[in-house]
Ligand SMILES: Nc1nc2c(ncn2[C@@H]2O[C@H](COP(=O)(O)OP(=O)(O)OP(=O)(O)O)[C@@H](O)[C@H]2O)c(=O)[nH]1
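In structure tokens, the next block holds one chain alone, the form predicted alone.
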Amino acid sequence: MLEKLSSSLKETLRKIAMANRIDKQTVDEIVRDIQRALIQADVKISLVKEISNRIRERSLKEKLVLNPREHVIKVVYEELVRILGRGVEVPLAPQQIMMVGLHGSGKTSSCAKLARYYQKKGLKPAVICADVYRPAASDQLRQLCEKIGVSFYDGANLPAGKRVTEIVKAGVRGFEKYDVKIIDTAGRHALEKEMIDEIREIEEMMKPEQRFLVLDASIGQQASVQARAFDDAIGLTGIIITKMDGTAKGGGALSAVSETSSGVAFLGTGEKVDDFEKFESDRFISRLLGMGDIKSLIEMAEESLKPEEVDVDLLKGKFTLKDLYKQLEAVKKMGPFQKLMQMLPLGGYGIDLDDQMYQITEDKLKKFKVMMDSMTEEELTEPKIIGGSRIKRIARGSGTTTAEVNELIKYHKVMQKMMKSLASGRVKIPMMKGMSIGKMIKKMK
């Protein structure tokens, strides 16, 4: 998720927090840092200039409600939300969705991801493949749908030479009792007249409630050209930006789309069918800045975990080694650990998670369990008593090394610190000189 941009912006926030005072010189330096970060992320120069001017003017002239540091961070947050695209409301209700886009945009896989999204929300989706020009498209989409248990139709039962509109009509009729019907239209290598005419014909015939354009994030600012062309043809209701995990141009794609009449509906963040998320600009920017996205984290937990798998005692700040193991088991079900940690309001401040902290593999979890099996009940419930001699004993008893036991202890301390911060209702950040990010985000709403 735009890792380089995120890293640069977090560093900018750190500079603001460390500043002795907020004056014109400090603001100018902050603005220059933000300009570099946005230009590297392929955001249009005119937008970079616009946000620079607004940050500079608001930071120095607006009446302060927060302290000066919090005020500048609030301004940066709000201006980034404004330029990096707005989200669109996607109803969780029965509907028809038409998917359009060029070859290579990730449209076919996005159809399956979108079906999976609605499936996890408790709706019954079905997918109709209306691409008769590329046989591999039908095969790929069928396999993806079978993998997630979603019904699929491609007109294979119709006579040879069937028209695309006939396939769509038969598919929609056959899936009449399904909640969400997703129509995958054919793509082309360019904005060809034949493709535009075909999607217009489908749109006029079916009148789908949603018309989503799928864009590859790597095209950057060129996204606006495609968005305008498809919008003129069928009137887009939303845009899905794919491959946000592997490009430096994602900022360009987001900001270019924000200039059109269409908003961003979803982001594709990886190759797996669950690497797909609803786009909300405030959440997205909060994560870019290291302010977290607790709402998304809670939603992921609700979708992935049973009630008994969530230990409510953690919310009271109690966190033992037993709790650690139980929570890591639950985390494995929710998705990539690093992605989850990005949703917590850590921001790299106070709680330092290096790359090693993210590498929680199944093998490591098994070792952690073996080590804990070698501990006494007192050690499991009061980890702070584990010193040098106890570490040696635990290592001998579990067939591991003292370094591995120390790794477990270190990891527990980091997680305990994080849990205590979350339980307190705000993340306490020493480097931020007492600033409450939780309180600040509330004031941003």
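Note that residue numbering follows the sequence shown and begins at 1. Nothing here was measured: the structure is a model prediction, and the numbers come from that model.
Keep in mind that the form predicted in complex with the named molecule is missing from the display, and what follows is about it.
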{"item": "Residue stretch of 146-154, 172-180, 102-110, 224-232 approaching the named molecule in the predicted bound form, non-hydrogen atom distance within 4.5 Å", "value": "102-110"}
{"item": "Single option in 198, 280, 277, 131 placed near the named molecule in the predicted bound form, where near means a heavy atom within 4.5 Å", "value": "131"}
{"item": "The single option of 262, 286, 242, 255 touching the named molecule in the predicted bound form, heavy atom within 4.5 Å", "value": "242"}
{"item": "Partner proximity in the predicted bound form: residue 270 to the named molecule, non-hydrogen atom cutoff 4.5 Å", "value": "yes"}
{"item": "Exercise: residue 187 in contact with the named molecule in the predicted bound form, heavy atom 4.5 Å", "value": "yes"}
{"item": "The named molecule contact at residue 374 in the predicted bound form, heavy atom, 4.5 Å", "value": "no"}
{"item": "Contact flag, residue 119 vs the named molecule in the predicted bound form, heavy atom cut 4.5 Å", "value": "no"}
